[in-house]
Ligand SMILES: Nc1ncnc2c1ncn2[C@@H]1O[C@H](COP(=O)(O)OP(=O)(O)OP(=O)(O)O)[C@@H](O)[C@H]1O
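Below sits a lone chain in structure tokens, taken as the form predicted on its own.
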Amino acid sequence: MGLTLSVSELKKSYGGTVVLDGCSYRFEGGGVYAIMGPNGSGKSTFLRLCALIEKPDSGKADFIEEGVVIEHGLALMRRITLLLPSVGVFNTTVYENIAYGLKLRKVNKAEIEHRVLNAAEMVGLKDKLRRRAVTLSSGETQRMGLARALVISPSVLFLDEPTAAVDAKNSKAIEEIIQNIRHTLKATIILSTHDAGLAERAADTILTLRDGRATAL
């Protein structure tokens, strides 16, 4: 089951410009949440703070399991992951790209192969595992990024504009993958998007981010 995330009074400014101004919300474990808002509303900043990639000026993001707040550290970081709109690609095979996080965790070779094959099948790239990752289309690259996130079985998955800059076919495939993730991994999924249709179809709860604060629709 995914972790619960409790966000309390997050504030963040860049160069004197306030991006988040006391943003609070509780994301229950196992739910799917979509965050919407105009450009510059702080969606990406919010995800980076929640994923512990950046530190807020004030406020906090607590991950909770069975009523207990988990201490921030490597063990927690290995249970959460953020997929950005522009997926970083290593100049090697699709297989090696997907396996990267497992190798960092020193997972044994047989388990890596099993999990990579499963993740690749889930995102529709099983037949492209031996291809050089740099030859993939933008939509295939985004799906590879999803596989790289899924292979570590995250408890919380953050997706920043997962269907941005991909064609309609890949956008539909990514939406189906998100639905599959919620049923198979039981992870908490928090995604930002400009696509109201995706938000309505994929999410249990839609939030709007405006004036530095989150409000549920």
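Start at 1 with the first residue shown and count on from there. Model, not experiment: these values are computed from the prediction.
Not pictured, yet referred to below: the form predicted in complex with the named molecule.
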Item checked: Heavy atom within 4.5 Å of the named molecule in the predicted complex - the one residue of Q179, N170, S44, S153 that qualifies -> S44
Check: Can V19 be called a contact residue for the named molecule in the predicted complex at 4.5 Å between heavy atoms?
Finding: yes
Check: With the cut-off set at 4.5 Å between non-hydrogen atoms, does H194 touch the named molecule in the predicted complex?
Finding: yes
Check: At the 4.5 Å heavy atom threshold, is R48 in contact with the named molecule in the predicted complex?
Finding: yes
Check: Tell me which of 170-178, 144-152, 58-66, 34-42 has residues with heavy atoms within 4.5 angstroms of the named molecule in the predicted complex?
Finding: 34-42
Notebook entry, point to check: Within 135-164, which residues come within 4.5 Å of the named molecule in the predicted complex, counting heavy atoms only?
Noted result: E161
